[in-house]
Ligand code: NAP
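Before any questions on how it binds or moves, here is one chain, the form predicted alone, in structure tokens.
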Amino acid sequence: MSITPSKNKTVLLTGVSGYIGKHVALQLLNRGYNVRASVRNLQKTEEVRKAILPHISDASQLDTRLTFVELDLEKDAGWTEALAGMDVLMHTASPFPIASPKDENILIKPAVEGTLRALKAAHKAGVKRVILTSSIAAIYGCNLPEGKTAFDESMWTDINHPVGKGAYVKSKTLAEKAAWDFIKNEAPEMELTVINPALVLGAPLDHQFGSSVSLVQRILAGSDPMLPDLQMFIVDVKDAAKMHVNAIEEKNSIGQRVLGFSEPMTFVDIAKLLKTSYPEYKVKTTKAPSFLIRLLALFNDEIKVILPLLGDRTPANNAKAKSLLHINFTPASASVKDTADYLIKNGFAGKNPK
């Protein structure tokens, strides 16, 4: 099914300089939307333009269809003015670090306050339609309710659960809850859809990429002698972007959370695929004994966060994304290989080749 936009709709897109944000901007432009993109510093504008330009279907009016505003998640300045005249707020901006900070509020404060700042400004400006990027992290940090066999959108991470205590997981959960609470209590006329992508992989549009791509980079480079027994649900970056864009016109997605992933792969699965596909790289495929990970966790808080997930193979349900947003997910193996191809082609695969 093809979802076509209403002519000349303009979207305020936050987080455009991010890995997912650039792909979202590209798909919005290729689908006929105009984009007002927010960046923390206007010096980022040329980076975004250069990333998008080679892939856009019609670049003739790019200067008028893609414009930029400077906004900060932690400052009020400019938000109401930036949202004036917008048809849609698409809020993708949120920090996603490789390592948790010592002070969890470094992540939580901009995630929660930034989300509320964007929503309040949209409400004040009369913007009705909102698409928010959350995460599978706001879903899986809990015990499965009785009678359930897979994680789905009805579940919420418990920030007191062992999985839910991590700063990033907590930041995504609290930010999404704050958004739903704001709509319920202060702006019931606003139409919110939340996208909950899993681990996002696939080729970036430029040389700026985030933590998820770095995971494949690390495995491809053989940086670790052994890999923890962890399973990750994977979604291709193009599919994640498509979920956001499709949601704008899909009225049945209003008031819904939508989980996005194709299928799960363990770290060892990813490593074995990379080793087979790129035999010239010294990819390590040995699974670390879980007792060793638990021992290391006594001395490392970062490792301690993953302990509840060791060996966990609980499935998740992506039916809503398929039926509601019409997504035919890219196989996880293809996303992993696209990521590795990008890293190798651009010299980011490390000095590991045999």
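Since this is a predicted model, take the numbers as computed values, not measurements. Residue indices: 1-based, along the sequence shown.
Quick note: we don't show the form predicted together with the named molecule, though the next part is all about it.
Between 295-303, 25-33, 39-47, 281-289, the stretch whose residues reach within 4.5 angstroms of the named molecule in the predicted complex through a non-hydrogen atom is 39-47. Of the listed positions (D72, D152, E113, D87), a single one reaches within 4.5 angstroms of the named molecule by any non-hydrogen atom in the predicted complex, namely D72. Scanning I131, I270, A93, M243 against the named molecule in the predicted complex with a 4.5 Å heavy atom cut-off leaves one residue, A93.
Residue contact with the named molecule in the predicted complex: T330 places no heavy atom within 4.5 Å of it. Proximity of Y168 to the named molecule in the predicted complex falls within the 4.5 Å heavy atom cutoff.
Shown alone here, L199 lies within 4.5 Å of the named molecule in the predicted complex, counting heavy atoms only. Contact between A340 and the named molecule in the predicted complex is not found at the 4.5 Å heavy atom cutoff.
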